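Shown here is one chain on its own, the form predicted on its own, set out as structure tokens.
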């Protein structure tokens, strides 16, 4: 059936629940664009014949045009949904994405992510005075300013605002300011110990 390749890309994203980013389907995108080009070329040929008096081709031309529009909508929905998921990953993981996620992105998506990251950093520096305002901290309102955390892997030295340096070694537990360790929790270096 016509215009199924674009729809299949949208279905794949729909099946990837929970904001998971499936691998970018370069070959399927290429096939859908090739199908659109072929439909357009056939329409161009039939339009010139229809102008010369063959009115029986008008319905076929309209059908192909609808297929073109459907494919276009599906491809744009696929790309837009992926960008929304990538934008959400910036807020979830911070400015450095894990390699497993970057592996699923196209080069254009990686470039878009880097531009978004720079734009967000520029904005955060422009608000909040000299130090800027980190909008990625405290995504959920904190219940307390300090939390107990356990280090899941060796990370090295970690400095907090009062100048104290803490060595984050595997399985060590610390009582730290929430806003200083939220990013490390999202990166999987620390875990929040719930008592």
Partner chain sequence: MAEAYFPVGPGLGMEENFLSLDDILMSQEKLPGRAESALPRLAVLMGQGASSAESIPEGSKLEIPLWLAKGLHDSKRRIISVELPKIYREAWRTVFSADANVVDLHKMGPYYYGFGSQLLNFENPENPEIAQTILQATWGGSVLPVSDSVCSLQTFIARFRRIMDSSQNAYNEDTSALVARLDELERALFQVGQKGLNDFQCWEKGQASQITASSLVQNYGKRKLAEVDG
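Quick caveat, the model's predicted, so the values are computed rather than measured. Residue numbers count along the first chain shown, from 1. The term rigid core refers to the maximal set of C-alpha atoms that superpose within 1.5 Å between the two forms.
If you look for the form predicted together with its partner chain, you will not find it shown, but the lines that follow are about it.
Heavy atom to heavy atom, is residue 176 within 4.5 Å of its partner chain in the predicted complex?
The answer is no: residue 176 has no heavy atom within 4.5 Å of its partner chain.
Should residue 73 be classed as touching its partner chain in the predicted complex when contacts are defined as heavy atoms within 4.5 Å?
Contact with its partner chain, yes.
Does residue 109 reach its partner chain in the predicted complex, with heavy atoms at most 4.5 Å apart?
Flag for residue 109 set to no.
Verify the contact flag for residue 96: yes if a non-hydrogen atom of it lies within 4.5 Å of a non-hydrogen atom of its partner chain in the predicted complex, no if not.
Taking the distances in the predicted complex, the answer for residue 96 is no, it never comes within 4.5 Å of its partner chain.
So if I measure heavy atom distances to its partner chain in the predicted complex, which of the stretches 25-33, 57-65, 157-165, 123-131 falls within 4.5 Å?
In short, 57-65.
For the stretch 92-124, return the residues whose heavy atoms include at least one within 4.5 Å of its partner chain in the predicted complex, in the order they occur.
Those in contact are 92, 93, 100, 101.
Rigid core fitted, is the C-alpha displacement of residue 11 between the shown form and the other one 2 Å or more?
False for residue 11: its C-alpha shift is below 2 Å.
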